[in-house]
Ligand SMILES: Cc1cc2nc3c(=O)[nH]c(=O)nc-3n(C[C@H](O)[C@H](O)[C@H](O)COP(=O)(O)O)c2cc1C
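The chain below stands alone and is given in structure tokens; this is the form predicted on its own.
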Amino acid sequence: MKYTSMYFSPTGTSEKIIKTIVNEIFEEGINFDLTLPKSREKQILIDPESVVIIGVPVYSGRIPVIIETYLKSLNVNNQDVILIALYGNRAYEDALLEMKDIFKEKNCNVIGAGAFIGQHSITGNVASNRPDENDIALAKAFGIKVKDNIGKNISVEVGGKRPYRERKSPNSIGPSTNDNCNQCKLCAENCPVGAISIDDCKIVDATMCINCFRCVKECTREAKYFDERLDNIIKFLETNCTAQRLEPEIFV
């Protein structure tokens, strides 16, 4: 049995979990990284005989709008699907249910789903260095369990509720740039939503920014940063989402 995996992974955590799972189940398949805008410009040709596995981050209890639109446009029908949501130790809320509904509309069988934890994109003090060894072990165990569901006409139940959590309005806070910037273009080339100008990396369309912090992590000169306008969000996360270590939740 072959697989087709797709992941939107600005900080690499969704990708890490997806690859751990597919390596546990399959010997043959293909991975599609949907993180950069160019990767989403044309539709993927999905092998109709493959198991489809999707991994996306959770933003305020929902999947990113840009990926919701892309998943709805996928040409996939009557195939086994595995769904993975990555969140930063707060809550995954309706993300898995949202994905499940998209693929049920395509008459697909959701044979397994999982909510895993990754280091929060906005602050490294929440779920630091996750997924860690324990998370990876649980991802492998999930792969072993879900393998038994391949080819069965089932649809697993997942967490979440309808109507979905209302999406938050964009905060229109984009990254700032200090004088360390040498216009190497690395941040612009790696922005998942194309919010940073390739002509001048100091120019940012903040209305497009999803606060994934990929530009900050990619910059080799520490030129990109988010100013104090995100301080209240960071304070909330560090106050409310660090006392308890949440563990992956799986549905098979």
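Throughout, we count residues from 1 along the sequence that is shown. Note that the structure is a prediction, hence the values are computed from the model and not measured.
This protein has a second form, the form predicted together with the ligand, left out of what is shown; the following refers to that one.
Here is the short version: of A139, I122, L74, C108, the single residue with a heavy atom within 4.5 Å of the ligand in the model of the complex is I122. Only one of V58, I67, V204, V193 comes within 4.5 Å of the ligand in the model of the complex through a heavy atom, and that residue is V58. Across the options 89-97, 178-186, 74-82, 149-157, residues that bring heavy atoms within 4.5 Å of the ligand in the model of the complex belong to 89-97. Using a 4.5 angstroms threshold between heavy atoms, S50 stays clear of the ligand in the model of the complex. In the model of the complex, at least one heavy atom of I210 sits within 4.5 Å of a heavy atom of the ligand. By the criterion of a heavy atom within 4.5 Å, G118 is counted among the residues contacting the ligand in the model of the complex. Remark: S9 counts among the residues lining the ligand in the model of the complex, judged by a heavy atom distance of 4.5 Å or less.
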